[in-house]
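So this first bit is one chain, no partners, the form predicted on its own, shown in structure tokens.
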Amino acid sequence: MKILLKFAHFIFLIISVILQLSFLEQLKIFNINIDLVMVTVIGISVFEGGLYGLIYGFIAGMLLDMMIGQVVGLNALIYCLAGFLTGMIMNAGFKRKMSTYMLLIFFFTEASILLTGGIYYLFNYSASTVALGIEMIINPACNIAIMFVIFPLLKAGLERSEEIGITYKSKV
């Protein structure tokens, strides 16, 4: 059953990559930046562990880099680190609560924006401090909002019982 759940999470990650490429990239015109893949990788590493976050983050990041990335390997590095460090933070003893998830998404979104902006600046891509400031305000809010949709979908398979069918409890 656990292998089936891991496969379902992988399929969910591939669907989020497809949605990121087809739909959410078009919203960047309106300054709405949702990083669905990062939220999914963080969710997988919260529920599955840091190793799966590392592997799935690398796969999703390389897929995105091959499709739309300007610097190949940057998204893979960011998602890899986000998945692995999220797993390590959750193993360190943090409680599995929405406030913890919100802080993780906020932190890794801000780190991603700063790392991407720094790398683009080093490779002489166009960098604007005003656009960076707007991104640092809007992106975490959008990612936290989408977290309330993604995390319950990822958590749905974890709470299933082993029995199939209807259980009847008699009053004692």
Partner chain sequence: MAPGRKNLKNIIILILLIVICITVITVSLRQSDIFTNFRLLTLDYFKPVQEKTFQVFAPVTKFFLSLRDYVNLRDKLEELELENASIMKDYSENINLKIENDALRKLIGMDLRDSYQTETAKVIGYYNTKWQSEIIINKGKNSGVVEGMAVVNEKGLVGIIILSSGSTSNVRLLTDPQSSVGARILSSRKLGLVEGGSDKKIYLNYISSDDLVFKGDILITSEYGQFVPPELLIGRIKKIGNTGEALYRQIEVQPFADFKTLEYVLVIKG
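Residue numbers count along the first chain shown, from 1. Treat the numbers as computed from the prediction; the structure is a model and nothing was measured.
Another form, the form predicted together with the partner chain, is not on view; read the next lines as being about it.
- Under a 4.5 angstroms non-hydrogen atom cutoff, the partner chain in the predicted complex has Tyr120 among its neighbouring residues.
- In the predicted complex, Phe84 approaches the partner chain with a heavy atom inside 4.5 Å.
- Not displayed here, the partner chain is kept clear of Glu110 by more than 4.5 Å at the level of heavy atoms in the predicted complex.
- In the predicted complex, the partner chain sits beyond 4.5 Å of every heavy atom of Ile11.
- Contact annotation: the partner chain lies within 4.5 Å of heavy atoms from the stretch 123 to 131 in the predicted complex, the single such stretch among 39 to 47, 99 to 107, 123 to 131, 141 to 149.
- Contacts between stretch 6 to 28 and the partner chain, counted in the predicted complex as any heavy atom lying within 4.5 Å, involve Ile14, Ile18, Leu19, Leu21, Ser22, Phe23, Glu25, Gln26, Leu27, Lys28, listed in sequence order.
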